[in-house]
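The form predicted on its own is given below as one chain in structure tokens.
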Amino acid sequence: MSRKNSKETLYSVLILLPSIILVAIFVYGFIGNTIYSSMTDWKGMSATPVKNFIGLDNYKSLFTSFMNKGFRQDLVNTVFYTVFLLAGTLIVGLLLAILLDRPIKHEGIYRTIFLYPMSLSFIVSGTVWRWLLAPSGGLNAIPTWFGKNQGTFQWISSKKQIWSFNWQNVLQVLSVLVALLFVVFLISAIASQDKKGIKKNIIVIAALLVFAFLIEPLFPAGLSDEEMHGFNLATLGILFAGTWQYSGYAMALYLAGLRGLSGSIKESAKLDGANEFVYYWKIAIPNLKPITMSAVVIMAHISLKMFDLIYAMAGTDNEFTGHPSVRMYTTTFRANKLALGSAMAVILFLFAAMFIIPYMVHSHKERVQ
């Protein structure tokens, strides 16, 4: 290496070093401290906090203790929040992008209108949606405009639950679903004679089996009573508000992807007799796969940070719209159970990692190729 190149390398390292040190301390250092705190009995704020190491007891309590039954429902709510927010924002955003991709007048105005909700904070939009979904007015009052009786649906306070399942069976159900999913991928890799795919799926299945063995103590078969959890209809109001706010963002991503497709592709499709529907369904949408992957990661990440929206719409004491972030706040700063709150934070961190890490690995492989 020449003297000039070595100097440039040294300068580059010196420029990046402060940022690396700050990130190491204030990001990864704090994450590590939170993980450690979650395995202690830390309670209450004090100048000299007492932390005694207790291992995974806090996690066992969250997944098995009767006192933390609400947290388990919050986890179930999180799954539904993620699935339906992803489906809603991606479908609505794609439809809006397709509409704007066609030649229409005043496109800029429509694009601004669709993007406007994203510029609002969750607190502002949550307050407005709380008024709209009030039991005695808002959307429930619309039937009175046509001489009908006022609606009675409780958008954010309904106590009705559907799709219920027994928490005692959650580990077995998840294990079967994951195993079936990867068996399908493995069969597909074998059928296509993809040796790398076969090896990758075997490694993944082995890792999942090891992971299931490690977390099995957190799901003992010994819950005293049947514990049912499911989809609370009170979360519909939260889902509508979240979908309304971020569909415009998904639309912007998809519209950029559609505009990035070569015009010759569309012209060729028309010459082959493809109509608008066939073009978008068979050609355009499959080419938007990278955009969809990015949108899925971003929206999944947002679904894990819905504290402010739920706080503004339903408050912190509404058990039917619960979310781990809200319960983490009340457990940590109201009940002063800092170790238990740290355990909830770590679980949310792992949820986020489930989406972000595979995406980063996939993106890195694409850049290398």
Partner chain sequence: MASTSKSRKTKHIIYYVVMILICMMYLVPMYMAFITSLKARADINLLTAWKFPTHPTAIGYQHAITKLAPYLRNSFVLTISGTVISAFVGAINGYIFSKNKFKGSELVFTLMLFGMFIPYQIILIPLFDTLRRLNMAGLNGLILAHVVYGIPIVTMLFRNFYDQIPNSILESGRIDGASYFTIFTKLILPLSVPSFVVVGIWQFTQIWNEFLWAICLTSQETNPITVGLSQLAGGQAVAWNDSMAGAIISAIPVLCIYIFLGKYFVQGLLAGSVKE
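In this text, the rigid core denotes the largest set of C-alpha atoms whose superposition between the two forms falls within 1.5 Å. Numbering follows the first chain given and starts at 1. The shown structure was predicted, so the numbers you read here are calculated from the model rather than taken from an experiment.
We do not show the form predicted together with its partner chain, though everything after this point is about it.
- For residue 253, a non-hydrogen atom is located within 4.5 Å of its partner chain in the model of the complex, even though that partner is not displayed.
- Though the partner is left out of this view, residue 85 does not reach within 4.5 Å of its partner chain in the model of the complex, counting heavy atoms only.
- Among heavy atoms of residue 273, none comes within 4.5 Å of its partner chain in the model of the complex.
- Taking non-hydrogen atoms only, residue 235 never approaches its partner chain to within 4.5 angstroms in the model of the complex.
- Each of 102, 328 and 333 is positioned with at least one heavy atom within 4.5 Å of its partner chain in the model of the complex.
- A heavy atom within 4.5 Å of its partner chain in the model of the complex is found for exactly one of 161, 268, 169, 112: 112.
- Along 103-139, these residues reach a heavy atom to within 4.5 Å of its partner chain in the model of the complex: 104, 105, 110, 111, 112, 113, 114, 115, 116, 117, 118, 119, 120, 121, 124, 127, 128, 129, 130, 131, 132, 134, 136, 137, 138, 139.
- Annotation: Cα of residue 20 displaced by at least 2 Å between this form and the one not shown, core superposition.
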